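The data below hold one chain only, encoded as C-alpha cells and taken in the form predicted on its own.
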C-alpha cells in the first residue's frame, strides 16, 4: 500500500507542492489552501512539511460527530456534504495534518492515489511510496519528534 512520505531534510521551502495542491483542489494558487503546510524555522534553518499522515487509528475520524471523516483503504476521506466545519478534526490531529483556511477544512486526500504535490517536488522531499519496515520506522521517528515540539 502506498503512502505520502515527507523528507524534511530535502525540503527547500519553495511551497510548489502547496501551490499545486491549492490549484488542483480550490482553483487558487495560495499555499495556505494547500493540504501541505511548510514551516520554516529561520533560526535553526530548516523547513518541515506537515501533511495528513493518514493514520490507521485517526483522531480526526474519532472526534467527527457527523461521521464526515472515514478511512478508506490507506486514506482518510472527508465527506464535504456531511462536514459542518466545526474544526474538531483540526484540533484533534496531533500532527497538524488537517487545517482550516477561510472556513474551509483542508486535508490531504492523496489526489485519489496520484498526489500532484509529489510531481511538483523537484528535490524529492515528497514521495509516494510503498510502505516498508524502514519507511514505517522513519515515519514513527518523525511523528515522535513532531509530538515533542
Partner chain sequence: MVLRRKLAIVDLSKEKVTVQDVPNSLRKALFGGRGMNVYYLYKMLGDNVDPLSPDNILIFGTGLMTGTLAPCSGRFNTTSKSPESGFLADTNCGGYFAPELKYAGFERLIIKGKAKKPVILHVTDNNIEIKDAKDYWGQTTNEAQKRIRQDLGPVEMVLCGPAGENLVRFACVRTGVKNAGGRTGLGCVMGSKNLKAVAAYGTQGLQVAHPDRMIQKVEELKNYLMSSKITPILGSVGTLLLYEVSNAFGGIRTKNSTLNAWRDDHNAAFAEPFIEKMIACQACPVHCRHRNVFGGEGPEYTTLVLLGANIGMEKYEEIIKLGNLVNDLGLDVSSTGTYLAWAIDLYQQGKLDKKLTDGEELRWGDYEQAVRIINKIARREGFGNILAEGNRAAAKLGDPNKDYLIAVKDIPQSDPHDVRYMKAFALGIATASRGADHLRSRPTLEIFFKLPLEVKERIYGKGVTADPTSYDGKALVVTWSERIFATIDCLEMCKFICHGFNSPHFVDYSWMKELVYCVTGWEMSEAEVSEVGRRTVDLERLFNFKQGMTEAHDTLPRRYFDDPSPLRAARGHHIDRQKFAKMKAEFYALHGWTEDGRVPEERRMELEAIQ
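Residue numbers count along the first chain shown, from 1. This structure is a prediction, so every number in the text was calculated from the model and none was measured.
Missing here is the form predicted together with its partner chain; even so, the following discussion is about that form.
- You can rule out all but one of 78 to 86, 105 to 113, 64 to 72, 43 to 51: in the predicted bound form, only 43 to 51 has residues with a heavy atom within 4.5 Å of its partner chain.
- By the 4.5 Å heavy atom rule, the three marked residues 94, 131 and 146 all fail to count as contacting its partner chain in the predicted bound form.
- Contact annotation: residue 23 falls within 4.5 Å of its partner chain in the predicted bound form, judged by heavy atom distances.
- Using a 4.5 Å cutoff between non-hydrogen atoms, residue 12 counts as a contact of its partner chain in the predicted bound form.
- Interface membership of residue 123, defined by any non-hydrogen atom within 4.5 Å of its partner chain in the predicted bound form, is confirmed.
- In the predicted bound form, residue 30 approaches its partner chain with a heavy atom inside 4.5 Å.
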